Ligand SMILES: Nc1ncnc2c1ncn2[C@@H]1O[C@H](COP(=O)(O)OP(=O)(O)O)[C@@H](O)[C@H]1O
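The chain below stands alone and is given as structure tokens, in the form predicted on its own.
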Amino acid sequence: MTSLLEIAGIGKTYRARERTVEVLTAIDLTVSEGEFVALVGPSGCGKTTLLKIVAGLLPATVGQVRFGGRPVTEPPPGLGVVFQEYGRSLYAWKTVRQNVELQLRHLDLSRARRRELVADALDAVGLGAAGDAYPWQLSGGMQQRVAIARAVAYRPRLLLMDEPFSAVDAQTRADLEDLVATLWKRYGMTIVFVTHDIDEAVYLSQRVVVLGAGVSGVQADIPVDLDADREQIGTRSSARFGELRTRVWTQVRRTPESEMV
């Protein structure tokens, strides 16, 4: 498989007055085109920081990120991001359709093509009839669907997702997990998915990458060999799912600072 994302020797250090805090050190990771990779680890291990560096939103102190063979120094074209605080990323005074179209206005596309992409994205997330609604009229789960639709309407090669379902209830979370799995297959995207939930990481991904506590870097890179077609009850109750979950948990719990769900 062709490498799409290369993270080489990434480190991040924050300096404030006389204090220095090292958040990441020597992170090496390669993600192939079309892969679904979940990133887990204890609180404070730098998962979100790493995602921001990959997105070009935060400079690394050392090391380099390459996306599509090119160094990332700013948000690159072909990359989409879905954040945890989806409510803050939506404009309350714009309709659902206008929110989804917003990013497309920066591209050299005709109005008809923009409308086509927006309609396809809304249909893909199950909101085809909600284009004229406003975000404040929707539930939390539906608002997150709008944020996801906005990202996939752009048709990114790489989609970064930072704990996107942590603020919704269990049933909505399961529905959104299945939605993301469907979108991944539908659009052929590469996804890097940050989560605190080990079960979610195993259920969704092809690989689970474990970051260690403190500045220990990548602690484990675990292939997930579950069937491609997964469903909430059958997959999660399978013996293999339990084995993989235990393996990831074992790696996470190697450090006492672990605070995983």
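Just so it is clear, the structure is predicted and the values come from calculations on it, not from any experiment. The numbering used is simple: start at 1 and walk along the sequence shown.
If you look for the form predicted together with the ligand, you will not find it shown, but the lines that follow are about it.
Of the residues 34, 44, 63, 56, just one reaches the ligand in the model of the complex with a heavy atom at 4.5 Å or closer; this is 44. Distance criterion of 4.5 Å from any heavy atom to the ligand in the model of the complex singles out 48 from the list 219, 48, 232, 206.
Of the candidate stretches 219-227, 198-206, 36-44, 65-73, only 36-44 has residues whose heavy atoms lie within 4.5 Å of the ligand in the model of the complex. Contacts with the ligand in the model of the complex, taken as any heavy atom within 4.5 Å, map within 8-29 to 14, 23.
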